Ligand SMILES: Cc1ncc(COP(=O)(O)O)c(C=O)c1O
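Below you'll find only one chain, the form predicted on its own, shown as structure tokens.
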């Protein structure tokens, strides 16, 4: 949710920031004239000039229209090249168009794209995912949003409960159940000036608590009307928020105590390791959902679950051949093209060696950002997790979604993104999150550090810093 809030640690006045942004916007428009013309033409046939709303939310006066993306480089239609640390908001986490994925899909596209029948590749991905994440049984969807939706349906069917509990300011795709927020009174916000789905019976479908708040979690689960808790191991969509010590252990205990399934959305936190955050930290979910990066950016997602869940599905509803009794799946789900891409990406791209490079890159970047903050005496902080980090406009790391969101400063954030884009650097548009792919070199990372140094030196100078 975009707000007019300003971080108390902004360092610059509104007037100073407006002048800086005007300067950068003039430079941006000069560098991207073809993108601007294309955007203006697109208004005639695309809502707000883009085929999907978030493509217009980069904080620039018009979107950058892309000509090519390869590895960690993006080239726009004006011929500008960018070093990419956004990577399609994780969809291209291992770099754009990995060679192994290209080879696999090029071969498969000549052998068939979709048949609504399984291939032997499906067995290979099931084995691979089970080995990585520790859950034995898997199903395939088109997107992580869809995977989350199917898991919620399964949980509701098995428990007979209507509600889903999620964390305040989290995001699990365009799910009605996880869009609501906590209001100013500390309760589920039923109506607000910014309601993403005003027709939703929020109090009938949702419960929301702050991440890391175990007391609130137990209070809400004690109603025994939640089919599941849906959470990211690390919050990554509202300024990164790390779990408190033993938080996940207690989360597991409370779900078991009150009969709610525990669903971990590893779509972003797959960047924490070969088997995601789950394997890295020994978590024990009932379900895992995962999407975006597992097929090199080709749309596909998966959800895994325990044998106990599978047995309950079959015991409760019987087996009708091998068909699904809950209306789950679409005709294009698990198509041969996406399955082939996923197998190649998981086995040849998302390797343990790749993750080692990504972690080393994150450390180099985070250390560099911390050094900049110290050099200019800037009271901000850097959150680190796996292959990604985030520069946050707050001196200490946020403990929950509300604290992170209260220190979002959209005008300042959009300015910094614009500054970096004008210098050939892309980071995640909706906040200051940066992701390191295995193809990024130390020189690439240093370029981003230098870009931030130039940007923050100016801000600190205007604000009276060192």
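What you are looking at is a predicted structure, and each value in this text was computed from that prediction instead of being measured. Numbering follows the first chain given and starts at 1.
The protein also exists as the form predicted together with the named molecule; that form is not presented, and the subsequent description refers to it.
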I'd like to know if residue 126 sits close to the named molecule in the model of the complex, meaning any non-hydrogen atom pair within 4.5 angstroms.
no
In the model of the complex, does residue 381 have a heavy atom within 4.5 Å of the named molecule?
no
Can you check whether residue 286 is within 4.5 Å of the named molecule in the model of the complex, heavy atom basis?
no
Touches the named molecule in the model of the complex: residue 392 (any heavy atom, 4.5 Å)
no
Out of 142-150, 101-109, 67-75, 272-280, where are the residues with a heavy atom within 4.5 Å of the named molecule in the model of the complex?
142-150
The one option of 84, 169, 232, 177 with any heavy atom within 4.5 Å of the named molecule in the model of the complex is 232
Name the single residue among 357, 248, 161, 292 that comes within 4.5 Å of the named molecule in the model of the complex, judging by heavy atoms.
292
Applying a 4.5 angstroms cut-off on non-hydrogen atoms, the residues of 244-267 near the named molecule in the model of the complex are 265, 267
